[in-house]
Every structure is written in C-alpha cells, then in structure tokens.
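The chain below stands alone, shown as structure tokens; this is the form predicted alone.
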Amino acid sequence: MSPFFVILSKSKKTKDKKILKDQKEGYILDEYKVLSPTAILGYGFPESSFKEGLKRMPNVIAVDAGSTDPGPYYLGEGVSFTDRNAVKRDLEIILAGGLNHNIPILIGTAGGAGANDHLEWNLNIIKELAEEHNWHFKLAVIYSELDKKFVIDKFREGKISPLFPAPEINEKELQQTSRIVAQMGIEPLIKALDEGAQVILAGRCYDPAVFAADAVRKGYNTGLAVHMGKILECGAIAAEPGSGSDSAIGTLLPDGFIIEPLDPNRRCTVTSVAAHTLYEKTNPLKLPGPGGYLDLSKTNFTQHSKKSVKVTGTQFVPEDKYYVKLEGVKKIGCRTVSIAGCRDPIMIKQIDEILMAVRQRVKDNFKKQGYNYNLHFHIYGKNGVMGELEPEQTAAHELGIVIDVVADTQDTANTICSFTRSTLLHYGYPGRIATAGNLAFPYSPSDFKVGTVYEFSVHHLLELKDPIEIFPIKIMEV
C-alpha cells in the first residue's frame, strides 16, 4: 500500500474535505472511480453505458470474468462457460476504452474458472485483439492453479481446513481431484500494478479484488474499497431494474462510496444496494474474504441522488492468519439425458408411482450386468425446481420430464437412459386409455450425450504465510 497523508482540497466544491495524496504517483485524489462494464465478461453491455462511464474519467476499469455458479464442469474441463465471440466483443470495447484513455484494466477469474487453460484461452483473445488493432501495452498474467502435490503437502502440514458446509478433506479425495485453483485477494493484483501493468489478466479471484486492489494501493479504506467491489462485481444488478448486462460506476471517497448505474433508465435505491450487499452471504454483518472480513455492523445506506446511493461505515477486519479459498473438482462419470412432455391427466395423477415402477423395471432388467449408475427424474410442473422442498403439491395440467442418468461410462449412461425412456414411453399404468405412447418428445434424437460429469471435491481454506506466494505473476509486452 502506498503511503498517504491528509490535506485540504483547494476546490470550492470540496472545501475543507479530507482528500488523499498518493506520494508514489505524485497526484492528488479526493475521489476514486471504478468502472464496471458488466457482471461477467461476455455477458455484454450497451456501448452507450460504457461511454458514459468513460466520460466520468474512471481511475480503473475492472471486470469479473467468472463464477462457480455454472457448476464444476467448466473448471474440470478447462473450458469457458461464456462464448468466445461474446468475450471478444466485450474485450474489444473495454481494451480500446482503457488503452485510449490510459486507464488500467483488471480482469478477474479469467476464462470463467481461472485455471491455467482458462487464462491461456483469454490471453489468446487479448493477443488477437492487440494484433488486429496494433495495440502495444504491458500485460500481467497472474496464475492461480495449484499443483496437486503442493496441496497434498499442505494438507499433511495441517494447513487446509473445511469451509462450511464442506466436510473434512482426506488425501484420497485430493488424489482424485483433477484440478484445483486458489482464490486470490488484492495483494497479487497490487504487485502487478506496482510492476507497471496496464492490463491485468488474473486467475481465480475473490470477486471484489479487481475492483478494490488499486484503490487500496493508493491508500483508500480497505473496507470501503472491498465493499464497493462486492457491489460492482455484478455490474448493474444492484440497480432497479437490475441487469448483469449493463454498466455501473463506483466513486470511492474518504468517508464512503457512491454506487450509480450508467443507463439513464436505471437507478440505485437503498433497498437495491443493501440487498446486493447480502447477495451470496450467510451472515448479514460479517462478509469473509482473503485475509479478513468486512464488518457491516455500522454500515449505513443513504439515497445520495435520484440515481445513486452512498454507503458508509464498512470496516475491514484483518485476521491473525491469512486464508484463501480453494476450489477443486473431480470426475464422477458421464451423463445422458432425455427430455419429454406428459399431458395425460390420468398419468399425471399417479406420476410418482409410475416413476417408481419404471425405476424398478430398469434395475431388474440390468441386474446381471451390475451397472453402476444414478437415475434421476426432474419433474417440471410438479417439483422440478425445488424437489422435496416444494410447498405446492398440486401438479400442473402438463409435466416436463427430464430423465437424467450419470454412470461410470458414457455407454452405460446411454444404455440406462435409453431403456428408461422407452419403458416410461410405453408403461401401462392403471386407467391408461391411449396406447400409442405416454410421452411427447420435442427433439430427435431424443437422448442427449452430455459427456463428462464433475463435482466439487475441494471447497476448503488454505493457510498462507504470504498472500502472494502461490500466485506467480508473468509480465509481458503485448
């Protein structure tokens, strides 16, 4: 963090206001602005919103490029859940805006999951754009994928602990894990900025890190910077109406920060910003992250203008030990699914009994083969979304049925799904009138070979001595 001291502003507008000076960079700051183009790189944004953000002269452009929300598959396979053309479109606008206005650009959780393959994928897009536009700039790539042996050694040293609700990990589980990334905090990003990077492409990041790193580096309050990043990382979702495909800007002040959407048809309210503060968190007053947690017990939200909200009082509380979150996945098999519809009220009334009988018929048919599989029915129109937690027990007049099979091999998954589909299609339930078939199939072929299935096997904390030690930085001229 750069040293700073308090001085008085000479501007009439900011008379007697405390402002900060970054001695290293040699200029005065009384506010710090972060432009967030979109919730996730590749989700898109109106160019008009982004241009409005550039008019505000932001100090940095930051964008989150990934999430665990789409599940473990993308980390396991090393592929992005966002489309390449969509990511390239967003990056072209963001890079042009940042480079033309000499604004640093920080990209977190590159490629969707932040492992080495994802970084390389995203880096190739950046190089491609640089060649097309004849751009020249200094790029920092920060890696976050960990060698499995390193993680096992740390486990043996007692440096890995579960992150609720994950169970205790064991060495066998770690051996079966195919890929592990660590969630970096602001420190590796600060180091890359100190080394003169104009663009930073980072692996798996704590979501607010790319939004907060440079502000903390310049001496602003860590709690306020991270809290602002927590809201900005989802673009304009904290507005009304909210959108993950639109831009927002955050203005950091010595005593708080202001959040504002950049589309004239959106506005931030106290409710929308406060609600997003609680997004994805279990404790409303304590939001944990690398190296400590945000204390929200004294946080206040006030309507600053018709479109913006000011937030004050948030503090960052450092912890004695520095922990980062680990995310790891393992392969559990292959999946095949089939989608069908049911409109027969006689069948709908007894659907639970019918599915139970079909399940038993499948089991009996392949008893000698000893197949290892998991057969699941998703019944949309009854409880397909909430399952056993569904409070409304009355089924709809039609059902969407997804036959979902996961097995050791793709061939076994294909076999079980195919036999389940044909058995359900012609199952003779009591009161049945039509005999041509019980199901309507919207697609041909009716069965879809989804491929490899992964599950999260590591959702744990790793204790570090140095916040940068496991995040190597590579500086290159693009």
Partner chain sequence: MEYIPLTKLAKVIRSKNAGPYELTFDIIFKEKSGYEKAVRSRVINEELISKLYQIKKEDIINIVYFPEALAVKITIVRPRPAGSLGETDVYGAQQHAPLLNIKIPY
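Positions refer to the first chain, counted from 1. Everything numeric here is computed off the predicted structure, so don't read it as measured data.
FYI, the form predicted together with the partner chain isn't displayed, but the following is about it.
> By the heavy atom within 4.5 Å rule, which residue out of 158, 165, 318, 264 makes contact with the partner chain in the predicted bound form?
So the residue touching the partner chain in the predicted bound form, by this definition, is 165.
> Just one of 313, 381, 341, 71 has a heavy atom within 4.5 angstroms of the partner chain in the predicted bound form, so which one?
Spelling it out, the residue with a heavy atom inside the cut-off is 71.
> I'd like to check something about residue 366: if you look in the predicted bound form, is any of its heavy atoms closer than or equal to 4.5 Å to a heavy atom of the partner chain?
Contact with the partner chain, no.
> So in the predicted bound form, does residue 390 come within 4.5 Å of the partner chain, heavy atom to heavy atom?
Yes, residue 390 lies within 4.5 Å of the partner chain in the predicted bound form.
> Under a 4.5 Å heavy atom criterion, is residue 308 part of the interface with the partner chain in the predicted bound form?
It does not: once the partner chain is placed as it appears in the predicted bound form, residue 308 has no heavy atom within 4.5 Å of it.
> Using heavy atoms and a 4.5 Å limit, would one call residue 153 a contact residue for the partner chain in the predicted bound form?
Answer no; every heavy atom of residue 153 is more than 4.5 Å from the partner chain in the predicted bound form.
> Do heavy atoms from each of 79, 149 and 222 fall within 4.5 Å of the partner chain in the predicted bound form?
So, no: the whole triplet misses the partner chain.
> Of these, 209 to 217, 84 to 92, 123 to 131, 269 to 277, which stretch puts a heavy atom within 4.5 angstroms of the partner chain in the predicted bound form?
After filtering at 4.5 Å, what remains is 269 to 277.
> Give, in sequence order, every residue of 227 to 242 that has a heavy atom within 4.5 Å of the partner chain in the predicted bound form, or say none if there are no such residues.
Just 240.
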